[in-house]
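Taking the form predicted alone, here's one chain by itself in structure tokens.
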Amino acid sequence: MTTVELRSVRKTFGDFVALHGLDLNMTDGEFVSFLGPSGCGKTTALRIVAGFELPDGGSVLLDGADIENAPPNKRDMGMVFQDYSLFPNMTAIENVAFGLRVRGQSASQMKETSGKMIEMVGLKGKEGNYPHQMSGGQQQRVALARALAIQPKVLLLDEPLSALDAKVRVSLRNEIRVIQQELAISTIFVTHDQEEALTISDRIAVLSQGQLEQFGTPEEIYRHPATPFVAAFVGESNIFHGTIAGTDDAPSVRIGSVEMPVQQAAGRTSGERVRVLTRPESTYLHVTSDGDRKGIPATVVSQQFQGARTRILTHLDHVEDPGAVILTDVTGGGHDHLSGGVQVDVTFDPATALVASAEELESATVAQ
């Protein structure tokens, strides 16, 4: 079993607080992504786990044992950097074998292990190539093979795909996930790309300004964001302006002249000005007559065909923020009747709508 736990980890650089007491734990063989904007503390947290930075407070535990005093080369972790960090005067297989040589393996052992790693990352036949003879994606595969060759307990990946073009990024991230699952190695992956995190993670730790906003599965992070920051940073969200109505037992928000049920407004004050955040696929359109209203009156602006889905843009009518564009994603065909100028009603899923104050949402936006 290989587990990693961070307990109240704090780190400052001068007057700047990079981490405000970070707490999280990962289980054996789990793929955890640290996700957030630049400066949120994700790379600092990774470097503390690796031993390249020392925390000002708190502790890092590997399999339940505090490793604060262990140097990086004694932590049994493999690291893949953003810039590859390959030795330019060594071939691919020599780069992969470097850590094995440092550990005193015999020439035959190094050759066997390095060859297996080269084959695992899809570079068989490129063993004798130098870094300058390889593409960025191939160099990063060598870096991955080198990190895995020492058979570490934990694999650490610091934005390993950010320097690659889009097509190579998608291909390599999928390969990394397949290899990680084959080896069942506990992995921490740092990224600012939400799509990467949602696609390949078992769980995601969303960080903002040195604090953990939410730690959960990709589905939990996306469908049930715990804070306005998570809702705004991960995926896209519609924003409705309104005021709290109803009761704690049956909470609702009045948007324009329409009262919409929500499930996350308990404890807020009646009449309080709030914002309701909803995902485009959890926002719905209804063509209705004036005498049969089902939601918030709106007008269709346009449609955008996006392959597997169609995105419909609307403007709300008779509300506090009528200029806001509301996005609705629908799948399949048969949406020709929702053309520009058509009057509709907008509703949303009350179970997934997030209610936040204007101040909370503004703070979340600034943090990005």
Ligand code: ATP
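Please read these numbers as outputs of a predicted model, since none were measured by experiment. Quick note: we count residues from 1 along the sequence shown, nothing fancier.
The following text describes the form predicted together with this ligand, which does not appear among the structures shown.
task: Kindly indicate whether 13, 37 and 42 are, all three, within 4.5 angstroms of this ligand in the model of the complex, using heavy atoms.
output: Judged in the model of the complex, 13, 37 and 42 all sit within 4.5 Å of this ligand.
task: Name the stretch, out of 296-304, 43-51, 58-66, 311-319, where some heavy atom lies within 4.5 Å of this ligand in the model of the complex.
output: Contact-bearing stretch, as computed: 43-51.
query: Which one of 175, 127, 159, 202 is close to this ligand in the model of the complex, taking close to mean a heavy atom within 4.5 Å?
result: Going through each option in turn, the one that passes is 159.
- request: Could you work out which of 344, 354, 18, 9 is the residue within 4.5 angstroms of this ligand in the model of the complex, going by heavy atoms?
  value: Partner contact (heavy atom, 4.5 Å) among the options: 18.
query: What residues in 328-342 sit within 4.5 Å of this ligand in the model of the complex, counting heavy atoms only?
result: If the 4.5 Å heavy-atom criterion is applied to this ligand in the model of the complex, 328-342 yields nothing.
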